[in-house]
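Here we start with a single chain on its own, the form predicted on its own, put down as structure tokens.
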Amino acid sequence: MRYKKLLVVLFIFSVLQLQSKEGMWIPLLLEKYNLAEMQEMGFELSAKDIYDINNASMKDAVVVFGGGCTGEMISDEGLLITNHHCGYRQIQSHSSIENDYLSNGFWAMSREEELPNPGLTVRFLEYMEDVTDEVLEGTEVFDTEGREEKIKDNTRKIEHKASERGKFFTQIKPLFYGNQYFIYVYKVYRDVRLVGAPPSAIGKFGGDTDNWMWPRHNGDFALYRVYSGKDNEPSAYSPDNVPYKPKKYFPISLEGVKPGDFTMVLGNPGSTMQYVPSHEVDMIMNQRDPDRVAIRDKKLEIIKADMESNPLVRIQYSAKSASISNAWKKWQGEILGLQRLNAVEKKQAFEEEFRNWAIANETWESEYQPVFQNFDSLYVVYQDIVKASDYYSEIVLKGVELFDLASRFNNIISSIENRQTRIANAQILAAEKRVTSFYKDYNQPTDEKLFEALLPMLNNDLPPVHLPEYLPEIISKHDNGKLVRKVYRKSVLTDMKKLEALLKKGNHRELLKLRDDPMIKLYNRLNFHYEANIKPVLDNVNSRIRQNMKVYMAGIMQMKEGQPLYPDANLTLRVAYGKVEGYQPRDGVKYTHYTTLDGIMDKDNPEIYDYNVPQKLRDLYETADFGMYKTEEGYLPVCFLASNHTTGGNSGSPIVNGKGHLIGLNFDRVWESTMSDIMYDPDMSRNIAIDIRYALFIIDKFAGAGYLLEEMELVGIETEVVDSIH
């Protein structure tokens, strides 16, 4: 009996050890659910050091960077660090053939040289709060549709009040499929300037080939500075603005990492699906991911060929190609990971466990059996309609580029036809601005190839019910490039000057004539079919699945009562924690937890853009001029692995040690763990970080911008070494 009890204790302990690395936890609830475990693993601080609304804490040093990344403050003078790929579009926007900052990098050697980025914002979280009761107040008397409207109405009122007349940006987001609601209140800064970015051969070293892979040798970082008005409050860009004084910034550690060290990621993970039923996992693994990969195969084939043959196209399409490739490669890894884990079978086993629990609690027939019967029928419809939606999304919305302009003009025409003069005029002004930026990064021959390749995929892979009636006919009639010539050669959308003149004039009668433009007409028909026949069905099925998920999730929460559960990610502040460790992806292969500059030199290939190491970095390597950034063994660290649970949105997130000191920047996951958005695997799930020492080395030794280190707080080295850089 003693032996059996010991086995049980050891089993429970081992399960806790495995689970300790999984999860994206709400900072406000760390004291209740996670702190004891974190401290056992090596965290030396308190929960209030991470999140406190009354005193400066780590949450005050972390921002939502742009639309979907994380960044963090590293000085009391507004200096911010994030990933190179998070700021890639800004770096590209400042680049030209004459000043190719993508290839050569950019470093401001004074505040005056820092580059403004119109439209780029950073959001500081002021506080988060559970507002479930307020959001659900008065909803119990309504049916499902009325309840949703009441929730929206309550949400608007709560957000408006918390915004304090526009002083703050507020969001209420559902957790656990609407079983809980939190409000997030942000202060938004709109003057964010580029300070420094390494060349792509460092910041994007390995390119799409190495993306999602380990070993990794990517110096994926860039520096920005947040500016404010003289009162330290948000202000639109102005030469009179001053560097923002943050409430908190991260000290930077030069101690490095070793296996087993505690690590914590504080960031804004974007989206996960940990609790979906087996039906969803099966559909993702066997339909959605393969479909989207196949479409993006064709996009990348066309775009990369043109990028390789034309330096201007390489600049124009660098960010676009990276964006397309990122999910394309992730989905492939996700398929393999879900297959390896037998994810569908594991989900089905959990559902059987849930069923047995509900039967024992006498709630199966009355509450949960209808939910699973609904899942069975809903996913039959959803599988069909989401395939059509994925194709329209990948081809019409995010495939043929000229459809973007066609969409804008289609909206203008619609507003004019409906006599919405004010709206139409606002849309014309917005279109004027968009045309300039659109054509800067547009190559018509590339787009024509995309059009010619993608439109037949839409036509051939979807059943007729999901296509406008005329599409098969015009594709069959206009083969061998005839359709391209008919559409592109006759469309005003291919003539930037005519388009600009038309918009500047703003004559509604002349704009209405664009109804007959071949590209706008084609887009309109495709979009009309999607909006009328696909989107309503998709929205309805999605809504009904969410309603079922809310009931199912409530049951899971009841079943797991007393056990900590983390909600799916939703681009709000979360904490993930784990430790520094390598992994074994397959039999006979075991990866260490770190990479070095030696590995970069092993990959060096002047014939390949993404592996062409800058000559200055070669010189620093040859002379071993690594300064205080090298390890005791004498090598220069580049990246490391840890077992923190991360996803998209965590790009740029600070990785701190047990003392709260910055040791790295999260920028990726290993390919074998891309399924962790759906199912976490403690053996394979590893996040990839740039070692902060490599970033400092590039700033100091490579870029010669060591003056930036003077405003940072470096810890973990001798005082006289720190003094030597000031």
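One-based numbering along the sequence shown. Note that the structure is a prediction, hence the values are computed from the model and not measured.
The discussion below concerns the form predicted in complex with arginine (ARG), not included here.
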With heavy atoms only and a cut-off of 4.5 Å, decide whether residue 137 touches arginine (ARG) in the model of the complex. no
Would residue 322 sit within 4.5 Å of arginine (ARG) in the model of the complex, counting heavy atoms only? yes
Whether residue 212 contacts arginine (ARG) in the model of the complex should be assessed with a 4.5 Å heavy atom distance threshold; does it? yes
Hey, in the model of the complex, is residue 207 touching arginine (ARG), heavy atoms inside 4.5 Å? yes
Of 361, 612, 103, 326, which residue is found within 4.5 angstroms of arginine (ARG) in the model of the complex when only non-hydrogen atoms are counted? 326
Looking at 43, 65, 694, 667, which has any heavy atom no more than 4.5 Å from arginine (ARG) in the model of the complex? 667
Answer range among 533-541, 273-281, 613-621, 199-207 for contact with arginine (ARG), defined in the model of the complex as heavy atoms within 4.5 Å: 199-207
Of the residues spanning 71-91, the ones with some heavy atom within 4.5 Å of arginine (ARG) in the model of the complex are 85
